[in-house]
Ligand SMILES: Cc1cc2nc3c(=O)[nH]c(=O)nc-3n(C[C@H](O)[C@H](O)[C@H](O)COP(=O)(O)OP(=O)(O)OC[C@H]3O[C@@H](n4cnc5c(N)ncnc54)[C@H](O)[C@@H]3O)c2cc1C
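This document starts with one chain, in the form predicted alone, laid out as structure tokens.
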């Protein structure tokens, strides 16, 4: 959120749709530090899947309900508000900047950015007034209006500033794992645009969401001056006010050092990751699939490793 005392909007980002594309987009925007709400209530394609078997990380697949719960738990862990309400309209704010999203339950929230990630028809975008969003097609022999998946560019940007589309996205919406990747990509494009608005030159506008081990900060890279040098090399010849550029550079370097994790922190986060996974799946379900022999083997190995 902005550093001002009175935020201009309720949220920085509204995500319409909490499936793989929307949840993934929300994880990226929220982890960056943008206040994000994900609305998830409406027609979706994922429930039509009997069992999800091609999403990386689940060796024997995962049932759709569990996958849905894991997605939303991840979004909430990243800092998103996940709200089970259907968005029925998105319009411009009073000053023709930002957006107002209204839900079927009567909730109204304002936001600087909107990420469209809903499978349903897109008619909730009608108040924005751009007919180019929609196209006619034949559905079961009848003409039907639908959101045009070619309205956004390949990065999800649209002619309306602040409006991004992660779904529908044609073939990129056809499989859950592809849709999730597309949602992350669109969110990264939104973040790059947000950083450009803040004054970051193109060379350093893209944001990479990763955490670095201590080893990445060894030698010359342990010094802030080396990161400053890298920053200026990436900026190149962009015409930016020197004082502002110095401020952005220090913020960039600060963020880089905030990604540094020591060994103990890496271990703590790994433990937290497993803990949250079990919490979402349910400890009883986990224990149900572990036989006594496996439990004894695990306990014995764990005790041996702890006591040498």
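Positions refer to the first chain, counted from 1. Quantities reported herein were computed from a predicted structural model and do not represent experimental measurements.
Below: the form predicted together with the named molecule, not depicted.
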Practice problem: Counting non-hydrogen atoms within 4.5 angstroms of the named molecule in the predicted complex, say which of 256, 245, 281, 44 makes the cut. | Solution: 44
Practice problem: Would you mind picking the one in 204, 179, 80, 114 that has a heavy atom within 4.5 Å of the named molecule in the predicted complex? | Solution: 179
Quiz item: Does residue 118 reach the named molecule in the predicted complex if we count a contact as any heavy atom within 4.5 Å?
Solution: yes
Quiz item: Is residue 73 close enough to the named molecule in the predicted complex to count, meaning some heavy atom within 4.5 Å?
Solution: no
Self-check item: Partner contact for residue 28 in the predicted complex: the named molecule, 4.5 angstroms, heavy atom
Solution: no
Practice problem: State yes or no: in the predicted complex, is some non-hydrogen atom of residue 124 no more than 4.5 angstroms from a non-hydrogen atom of the named molecule? | Solution: yes
Quiz item: Of the listed stretches (33 to 41, 246 to 254, 259 to 267, 273 to 281), which one has a non-hydrogen atom within 4.5 Å of the named molecule in the predicted complex?
Solution: 33 to 41
Quiz prompt | Any residue of 12 to 28 that, in the predicted complex, places a heavy atom within 4.5 Å of the named molecule | solution = 16, 17, 18, 19, 20, 21, 22
